[in-house]
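To begin, one chain is listed below as structure tokens, in the form predicted on its own.
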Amino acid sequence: MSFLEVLPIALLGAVCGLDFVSFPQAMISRPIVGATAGGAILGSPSAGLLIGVVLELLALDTRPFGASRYPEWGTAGVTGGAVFASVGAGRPGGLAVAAFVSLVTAMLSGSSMVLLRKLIGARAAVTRELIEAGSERAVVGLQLFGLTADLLRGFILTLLAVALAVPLARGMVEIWGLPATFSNAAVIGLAGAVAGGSLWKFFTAGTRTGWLFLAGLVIGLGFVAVQ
């Protein structure tokens, strides 16, 4: 892929990566959103939607609480959608390869968030005296520094991931030995198992999560029936 083809995908990954934690946290970083948009840029939103559903099932086990370490699914979703659309949704091994690329991207991107936090912490330490003195300029400057660094982080990661993964993924599907039906079923089955395990932990946590889930399910089905 040329740089001009990868550029809009990288910009989308930057926005989704920024949304994951920093701003505006509007849920556009969810894998199903980022992957669908990434596939749409390459002319195949349906392929992006399919890989997005798979990644969404895997992402259900992520607990982004406090300073815990977790995969970053914004850039991973965009990368997965772009890779899957690039190799072709109907190609044997396409879904498996795209899912693998997304998981690797999510882990690397999650590690980059740890480095970003350390960088912001170091910047805060330098301006600590100004912040404690109530300097509005220092506070705003630190916030803008963090947002800009996070945006750049997502852009670089998505750019490198797509540029490196697309040719490798195309080569993998050329030598893939299993029919698409079997490999797709394996990927979807594993993703469903991860999602099921995540939901089971919620339901057995001794809270009202299970009842709230069932209430939401009933309400959602009610809206569908009315429509």
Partner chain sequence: MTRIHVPFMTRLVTWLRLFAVQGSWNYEILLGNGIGFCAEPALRLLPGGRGGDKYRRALARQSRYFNAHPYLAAVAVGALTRAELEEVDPAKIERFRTALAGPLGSVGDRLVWSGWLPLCSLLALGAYGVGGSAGLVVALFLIVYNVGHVALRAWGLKVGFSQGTEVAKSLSTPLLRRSPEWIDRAGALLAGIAVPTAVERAVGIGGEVSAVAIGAVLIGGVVLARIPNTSVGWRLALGILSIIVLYAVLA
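Between two forms, the rigid core is defined as the largest C-alpha subset superposing within 1.5 Å. Numbering follows the first chain given and starts at 1. Quick caveat, the model's predicted, so the values are computed rather than measured.
In what follows, reference is made to the form predicted together with the partner chain, a form of this protein that is not presented.
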Next on the checklist: Is it the case that V21, even though its partner is missing from this view, gets within 4.5 Å of the partner chain in the predicted complex, heavy atoms only?
Outcome noted: yes
Checklist entry - Taking the shortest heavy atom distance, is P167 within 4.5 Å of the partner chain in the predicted complex? => result no
Next on the checklist: in the predicted complex, is there a heavy atom of the partner chain that lies within 4.5 Å of any heavy atom of L142, even though the partner is absent here?
Outcome noted: yes
Next on the checklist: I'd like to know if F155 sits close to the partner chain in the predicted complex, meaning any non-hydrogen atom pair within 4.5 angstroms.
Outcome noted: no
Checklist outcome for this item: Applying a 4.5 angstroms cut-off on non-hydrogen atoms, the residues of 132 to 159 near the partner chain in the predicted complex are E132, A133, G134, S135, E136, V139, V140, L142, Q143, G146, L147
Next on the checklist: Once the core is aligned, does L7 move its Cα by at least 2 Å between the shown form and the other one?
Outcome noted: no
Next on the checklist: Does F213 move appreciably between the shown form and the other one, meaning a CA displacement of 2 Å or more on the superposed rigid core?
Outcome noted: yes
Item to check | Inter-Cα distance between L217 and A186 in the predicted complex, nearer or further [3 Å or more] | outcome: closer
Checklist outcome for this item: in the predicted complex the CA atoms of V33 and G220, compared with here and shifted by at least 3 Å, lie farther
